[in-house]
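Only one chain is shown below, in structure tokens, and it's the form predicted on its own.
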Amino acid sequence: MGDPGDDALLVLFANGDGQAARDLTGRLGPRAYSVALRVLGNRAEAEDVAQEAMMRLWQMAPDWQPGRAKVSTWLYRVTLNLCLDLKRRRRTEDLDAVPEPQDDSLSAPERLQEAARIDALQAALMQLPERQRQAVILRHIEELSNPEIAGIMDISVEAVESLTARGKRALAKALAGRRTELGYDDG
């Protein structure tokens, strides 16, 4: 029968199917968490935001109208809004102190190098204006299309293109002097 789409799973959940909820959570939960982690820079807060976004998805499930929007687009938008709300409430926490998860398949020196790269990228991302950071994360880290991002951020595709281009230039400038330190030495 094939794998049901997000719309179908949400409708099944609204009709009392617990397995549909588990399937949809397994499919969308990690992506909501990833976006929240990149925007907030804090694992605990990202977990809370992802859980709250999923709770809101379950609450609105009975009213979902398949075909009007993608479930994932709706969830990304809610996740970003929750991140922005949280950031408005707190402005003083040191986000650079949060370590990133490490990949155990790498050797110790490779893990250290990768952690330095992740930390440098996260620090550079946190220096971007909020909207640029959101667009860059959604486009280049979450690999969403520009039209999907436009829908999530409620802006035009051209605005998404402009935000991502400016964000990429700012990231490149912020990281340019660190190529050797981060192990990207060409020679």
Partner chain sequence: MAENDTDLDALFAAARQERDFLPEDLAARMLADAQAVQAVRAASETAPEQAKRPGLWSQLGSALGGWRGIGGLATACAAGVWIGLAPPAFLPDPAELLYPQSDTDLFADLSLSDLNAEEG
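Predicted model only: the values in this text are computed from it and were never measured. Positions refer to the first chain, counted from 1.
Below, we turn to the form predicted together with the partner chain, even though it does not appear here.
- Query: in the predicted bound form, do Thr25, Ala50 and Met55 all reach within 4.5 Å of the partner chain through at least one heavy atom apiece?
  - Reply: Yes, because Thr25, Ala50 and Met55 each have a heavy atom that approaches the partner chain to within 4.5 Å in the predicted bound form.
- 4.5 Å heavy atom contact, Arg77 to the partner chain in the predicted bound form: Looking in the predicted bound form, residue contacts with the partner chain do not include Arg77, since no heavy atom lies within 4.5 Å.
- Query: Is there any non-hydrogen atom of Gln127 lying within 4.5 Å of the partner chain in the predicted bound form?
  - Reply: No, Gln127 sits far enough from the partner chain in the predicted bound form that none of its heavy atoms falls within 4.5 Å.
- Closest heavy atom of Tyr33 to the partner chain in the predicted bound form, within 4.5 Å or not? Yes, Tyr33 is a contact residue.
- Task: Answer yes if any heavy atom of Pro62 is within 4.5 Å of a heavy atom of the partner chain in the predicted bound form; otherwise answer no.
- Result: Output for Pro62 is yes: heavy atoms within 4.5 Å of the partner chain.
- Query: Does any residue in 157-172 get within 4.5 Å of the partner chain in the predicted bound form, counting heavy atoms only, and if so which ones?
  - Reply: Result: Lys168, Leu171, Ala172.
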